[in-house]
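What follows is a single chain, given as structure tokens, in the form predicted on its own.
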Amino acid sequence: MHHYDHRGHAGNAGDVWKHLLLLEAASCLFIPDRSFVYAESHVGRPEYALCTPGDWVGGIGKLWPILPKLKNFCYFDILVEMNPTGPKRYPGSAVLVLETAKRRKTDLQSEIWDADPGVAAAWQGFSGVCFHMGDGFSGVESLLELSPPGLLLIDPPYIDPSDMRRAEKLLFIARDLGWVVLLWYMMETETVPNGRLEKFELNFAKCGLDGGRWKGCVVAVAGADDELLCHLLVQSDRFIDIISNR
């Protein structure tokens, strides 16, 4: 079976937008000295080496020279702390969320899925997460009714034609059960239907990023209350303003 390999793509322009919004949502939702559940349907590896050539050059690499202007965003502050001598390591989304929980002093229960044996091996011995080997769509769906509502990232590789349809189904099931859900996809792919969703779009070229053949990406957010949506809107606009005028 062919498995998607993110190692050459880590830190790309899409990762920047996805992880910025994910950590802004986590920072807003996590409460000190409380427990919280985080789930991810297709997690990938805990960490990636940033090697040249790599898609990160057109993503986080484009922003590295202006990181002092971006350190007030949790995402960039974590990247700087992990890379004091320059861009060498890129954490996966679950590690970024775990680090955010530590900073917020939140007791995080992380439930993550991937079907790639290589990814499973990379998570062995990693503390703070519960890794499940298998299909993330059905795995997360089985978790939803057994767990208190939390934060869910749906991030399939979109190498199977059914990925978007299954992602949409999972998003609406989770939303209706009280979860805050983020779904990431490229602008050129089939978009999720409207209805009680907020969509955050990033056009790569307009912001000085290089997404290769992709024009941009979208993070759809469901289940967020007005306070969280307001926070995401303010922070995403502020980020775009900073990088568009650097």
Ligand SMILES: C[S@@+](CC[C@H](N)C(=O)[O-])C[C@H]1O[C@@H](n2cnc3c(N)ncnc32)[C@H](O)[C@@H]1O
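Note that residue numbering begins at 1 and tracks the sequence as displayed. The structure displayed is predicted, hence computed values, not measured ones.
The form predicted together with the ligand exists for this protein as well; it is not shown, and the discussion that follows is about that form.
- Judged against the ligand in the model of the complex with a 4.5 angstroms heavy atom cut-off, the residues 19, 116 and 134 are in contact without exception.
- Remark: residue 157 counts among the residues lining the ligand in the model of the complex, judged by a heavy atom distance of 4.5 Å or less.
- Although the partner is absent here, residue 100 lies well away from the ligand in the model of the complex, with no heavy atom inside 4.5 Å.
- When contacts are judged by a 4.5 Å heavy atom cut-off, residue 181 does not count as touching the ligand in the model of the complex.
- Put simply, residue 43 is close to the ligand in the model of the complex: some heavy atom of it is within 4.5 Å.
- Only one segment in the set 135-143, 102-110, 74-82, 169-177 has residues whose heavy atoms sit within 4.5 Å of the ligand in the model of the complex; it is 135-143.
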